[in-house]
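Take a look at this one chain, the form predicted on its own, written out in structure tokens.
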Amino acid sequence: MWLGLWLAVLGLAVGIVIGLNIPLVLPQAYAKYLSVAALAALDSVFGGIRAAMEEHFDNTIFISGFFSNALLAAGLAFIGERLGIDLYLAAVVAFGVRLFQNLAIIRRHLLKK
């Protein structure tokens, strides 16, 4: 379990370093889509870490959840923008609450050990 956790943390750190060093500038019009998709992906990562700590991690569930959550969040932002409604806020609230819940559970697991 700890090897998987450290690999996930290492992968996240490597991804952040690569992302900060690539000179890629995205148009500001995509900022809303990218931010909710990143929030959904981060929720999946914390859910995966939580599942690994509870020893019921499933790679298929993690990968399918990672991409489906990110696509759903970006899709809500896109549809909301077309309708003139801020539907992306629904994704921000839902994934934000789950993110903090997963983080609290991870913290409890770490403090119990």
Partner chain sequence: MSKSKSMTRSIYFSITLVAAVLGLLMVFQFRTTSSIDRGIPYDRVQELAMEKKQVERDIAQLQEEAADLSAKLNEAGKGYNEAAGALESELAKVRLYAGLTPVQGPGVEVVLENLPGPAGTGLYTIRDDDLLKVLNDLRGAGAEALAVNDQRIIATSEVRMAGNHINVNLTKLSPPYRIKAIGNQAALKSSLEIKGGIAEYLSDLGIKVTVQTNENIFIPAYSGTVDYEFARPAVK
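Residue numbers count along the first chain shown, from 1. What we label the rigid core is the largest C-alpha set whose atoms superpose within 1.5 Å from one form to the other. These numbers were taken from a predicted model, which means no experiment stands behind them.
As for the form predicted in complex with its partner chain, it is not shown, yet the points below apply to it.
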property	result
Contact at G11, S35 and N59 by its partner chain in the predicted bound form, all three, heavy atom at most 4.5 Å	yes
4.5 Å heavy atom contact, L3 and its partner chain in the predicted bound form	yes
Proximity of F78 to its partner chain in the predicted bound form, heavy atoms at 4.5 Å	no
L42: touches its partner chain in the predicted bound form, heavy atom cutoff 4.5 angstroms	yes
Distance check, L7 to its partner chain in the predicted bound form, heavy atom within 4.5 Å	yes
Residues in 86-113 with any heavy atom within 4.5 Å of its partner chain in the predicted bound form	none
Flag for V9, CA shift 2 Å or larger between this form and the one not shown after aligning core	yes
V97 C-alpha shift between this form and the one not shown of 2 Å or more, rigid core reference	no
